[in-house]
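Shown here is one chain on its own, the form predicted alone, set out as structure tokens.
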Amino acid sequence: MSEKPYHHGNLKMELLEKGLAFVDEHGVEELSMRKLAEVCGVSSAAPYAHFQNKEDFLLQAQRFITEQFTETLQECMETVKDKKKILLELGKRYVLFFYENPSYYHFLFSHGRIELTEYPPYLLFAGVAEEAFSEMGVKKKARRKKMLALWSMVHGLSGLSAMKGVLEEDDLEKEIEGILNAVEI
């Protein structure tokens, strides 16, 4: 039996990325630690240096995507100073993140592992929306409904963006902005 070569580089990142691609193509049921090792070209023991088991891999993959998604939204908040544009810009960044990473969208939201009221990107988005709506004079009772409507819209548009032909790709940001502006806050 030939031994797999030692892996140089960031094996954990490669395991996450290739594991997520495998799940996207074959489904979570088909994933095993052995298959994860196989797609990365490492020994069957190598994934265990980073993950206890398949469930641990799935949890860490969810954390990995959530951290990247949260960072994307936080970067938006740091660069957009105009309070009137922040919700639109957050919505665009949300959709673009999942447009560029459609397997992340499918992985996160098709397994029912997320508790929305504890989900960092949602909490960040909700906090910004609450502040913006307050400044706009939206009554407290209406703020939550408006925020959920906005979240639903960008979330749904993100899901649609993974389908071919839904968004015009010539000027994707402009297309997304036009769709988001089509609904009045």
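In this text, all values refer to a predicted model and were calculated from it rather than measured experimentally. Numbers follow the displayed sequence, beginning with 1.
Another form exists, predicted in complex with another copy of the chain; not displayed. Remarks below refer to it.
Engineer: Only one of 143-151, 60-68, 124-132, 40-48 gets a heavy atom within 4.5 Å of another copy of the chain in the model of the complex; which is it?
Structural biologist: Of the options given, it is 143-151.
Engineer: Is there a heavy atom of M136 no more than 4.5 Å from a heavy atom of another copy of the chain in the model of the complex?
Structural biologist: Looking in the model of the complex, residue contacts with another copy of the chain do not include M136, since no heavy atom lies within 4.5 Å.
Engineer: Quick one: does E29 come within 4.5 Å of another copy of the chain in the model of the complex, counting heavy atoms only?
Structural biologist: Heavy-atom contact with another copy of the chain at 4.5 Å: present for E29.
Engineer: Decide whether K85 counts as a contact residue for another copy of the chain in the model of the complex under a heavy atom distance cut-off of 4.5 Å.
Structural biologist: K85: no contact with another copy of the chain in the model of the complex.
Engineer: Heavy atoms within 4.5 Å of another copy of the chain in the model of the complex: does L157 have any?
Structural biologist: L157 belongs to the contact set for another copy of the chain.
Engineer: Let me know which residues along 115-142 have a heavy atom within 4.5 Å of another copy of the chain in the model of the complex, or say none if there are none.
Structural biologist: Residue within 4.5 Å: L116, and no other.
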